[in-house]
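We begin with a single chain expressed as structure tokens, specifically the form predicted alone.
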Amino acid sequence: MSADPARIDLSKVAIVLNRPRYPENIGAAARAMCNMGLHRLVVVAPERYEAERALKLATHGARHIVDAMVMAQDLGTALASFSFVVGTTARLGGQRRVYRRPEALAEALIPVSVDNTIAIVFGPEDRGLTNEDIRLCHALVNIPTADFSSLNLAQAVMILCYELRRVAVAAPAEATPRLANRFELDAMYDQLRDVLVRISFISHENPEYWMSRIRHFFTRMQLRARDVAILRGICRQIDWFGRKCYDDGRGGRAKER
């Protein structure tokens, strides 16, 4: 039987809980994932974690997800291997692309899931993702609500997982080439910042102000792994040429003396 060309590959999608406060919410999120056929769970720096309390809410059916979940110390490390990162937010505006309907996000992830791993990130129950967390995301998704916008963490996970399940089964024929993962992107941004400061394109006193704009620019482009390799090669050449000019200048001054 041939694969449906308009379905997402759920094996490529992970749910990431960033600094969850209560182990019960970890278990309830795992249960929601299990209900919808997702199995990759990453938990970042939980405020407190007690396996017994988490497993009680996960129930027997989702125990395997809790047992196999990956624990990470910080969000950057947790996302290093993912090519496409989506953050959940109740706030609208800003320069990130925001999907205002979870179903729109699910549809958009269909071609991405062919050759890329995807992380859906949920922030702490009391305050959500910070601006620093959002900087690591390629896109954001908003769950529209009525006047009361606060959702329980497991409820939010269920809504996103349901929409992903709705477009699940097989990968599409037209695939998005592999996007650069978080580790590759962060290494590129570090190298780019150093080179731009060295050639005085951005100020060494506040480089992150300009780097934030540059990050937004490249995020909109959804850089592929080969794009990152090209940009890093350009940075190396700029660095080499700058050093060569400096050394040549020093040599000329030495001859004059």
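Numbering starts at 1 and runs along the sequence shown. As the structure is a computational prediction, the values presented were derived from the model and not from experiment.
Keep in mind that the form predicted in complex with a small molecule is not shown, yet the notes after this line are about it.
Interface residue among Arg97, Arg91, Arg101, Arg165 relative to the small molecule in the predicted complex, by the heavy atom within 4.5 Å criterion: Arg91. Listed residues Val85, Val141, Ala180, Val112 were compared with the small molecule in the predicted complex; Val141 is the one with a heavy atom within 4.5 Å. Candidate site formed by Gln191, Val197 and Arg236: none of these residues places a non-hydrogen atom within 4.5 angstroms of the small molecule in the predicted complex.
Of the candidate stretches 72 to 80, 103 to 111, 121 to 129, 180 to 188, only 121 to 129 has residues whose heavy atoms lie within 4.5 Å of the small molecule in the predicted complex.
The small molecule is not shown here, but in the predicted complex it comes within 4.5 Å of a heavy atom of Ala156.
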